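Quick setup: the structure tokens below cover two forms of a single protein chain, split into structure 1 and structure 2.
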Structure 1
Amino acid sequence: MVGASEEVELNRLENQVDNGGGGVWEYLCLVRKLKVRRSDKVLKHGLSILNDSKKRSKLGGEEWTLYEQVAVAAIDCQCLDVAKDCIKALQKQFPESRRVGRLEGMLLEAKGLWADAEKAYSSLLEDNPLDQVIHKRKISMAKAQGNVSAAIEGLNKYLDIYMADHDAWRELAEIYVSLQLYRQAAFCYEELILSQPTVPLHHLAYADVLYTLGGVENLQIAKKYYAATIDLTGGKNTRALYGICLCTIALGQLTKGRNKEDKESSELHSLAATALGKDYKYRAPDKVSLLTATLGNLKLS
């Protein structure tokens, strides 16, 4: 999870590193810890450490972690020569390692040699059939080839065994959303909320899915989850505030005439609107007029 203060720290370090101000290793460690995808920067700065034998020897055993990080970043940037060299160095150090074997498989994937990659992963799975990461690689390979239904099938099989893997649940939810299968996606997000109830972004995604599904009942539940997001973020999530406004208006349109509990919902709506206004005034003063116009339009329609 990326916390607010960690994000600030990451941006500060990134700025510093980009301007040649040192702290490269700290930056790379933070990228690894927060699991953010900054492949181009990791490749550029990680290589600068690896090519400097003095800096590299200072890292001690961490050197190999950096080789792995740079290899993955290079594959992601399609710098296959660099990736190959990194993997070679790792292979020399750890000849029988499955982790290095996985990197080789990923390199094959990046080259588009799907059959070879499949073979490599299968032989790795023969060694250790319970390797979660390789199962995940196989699933993402199906996704990369555009075979989404196979990816869904693989994920479902995987989740039957490893039900506690929330990354996989999130991936499945995102695939379902991309296919507009919102009911299935909602189920995945429910699962995610159960396993990580303090992460506001799962509540938010669930509310988004329910809002998209529509209908009075779903809209009411969506509003509750938007409210939960606001509760968990201290009102600093703009999307949730907009969600409350949109839900209230959609509900008002659906229940026109029989307006029960109208008073309470309009109170919540106006509170969300004022919070939005405050936030805009603080962070983007020139867009306040845009916001008031939008909110006014929503009320009219």
Structure 2
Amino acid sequence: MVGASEEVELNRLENQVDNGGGGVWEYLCLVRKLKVRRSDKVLKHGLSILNDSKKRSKLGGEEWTLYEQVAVAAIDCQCLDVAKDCIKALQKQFPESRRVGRLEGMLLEAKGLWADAEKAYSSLLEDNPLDQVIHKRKISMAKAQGNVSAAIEGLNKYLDIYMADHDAWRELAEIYVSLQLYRQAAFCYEELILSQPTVPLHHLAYADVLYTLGGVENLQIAKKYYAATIDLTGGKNTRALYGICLCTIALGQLTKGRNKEDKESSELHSLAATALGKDYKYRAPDKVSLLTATLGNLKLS
């Protein structure tokens, strides 16, 4: 996840480069370091170096790193001839390289040659069965072909080995949510919260899933995780504030007549509604009347 200061620096460098102010190599290095996808920019600015022999010679051994970076960007942008040329240069420099083999597989994917790509990846896995990148490519291929069950199976097998891969847990959770398999998604978010307890988006997504499942117990837990999201974001998460309101409404309906729960829900609903009002006055003052009308329809019964 890119930090705020890193994103500011990246945007600054990008504007500088786009305006012809120099710093192309520094920008490309930062994109690579932060592992972000700015494929159109990388393709444009990377080629400006690779197509200039003087600039390219100044890179030394980093020339091949740039070839790889541009090849991936070209595949993303469907500039397959450029990708092919970059991969050929890498093949010549690094024959029998597994890393170059991955790029060849990605190029086959981009061409829609799924069987050939599968064969290439399987061959690479024979040499190195624990290659994380290749396993992920095979999962991505399954998703690209619409084979969701194969993607789920692949992710579960992958996570049996690489349990600390947060991106894989999040991807699996999102697939389960898309299939309305909320209990399975909840398990994935629980794993994410255990390993990254200070990431508010995990708490928020888990709360959403529990709210969707419904029932007194799930709603009570969802309310706590919405509250945790608000705490972790310094009270700035609008969606979590709405979640608190929705949970208190639902709990009020399910626990009607239980005086203690009614009072607690009413107080919490009032606090969340007040916070939402302040948030809207700051962020979208023209929408305050709409918020007031919406909250008016969400009164505790």
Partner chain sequence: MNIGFVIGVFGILILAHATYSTIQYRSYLKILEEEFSSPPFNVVVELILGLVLCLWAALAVPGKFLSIHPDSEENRIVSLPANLDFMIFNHRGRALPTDVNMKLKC
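On a predicted model such as this, the values are computed, not experimentally measured, just so you know. Here, residue number means position along structure 1's sequence, counting from 1.
Between the two displayed forms of this chain, it is structure 2 that matches the form predicted on its own.
Within the set 229, 138, 276, 175, the hinge between the two rigid parts that rotate between the two structures is located at 138. The chain behaves as two rigid parts between the two structures, and the smaller of them turns through 11 degrees against the larger.
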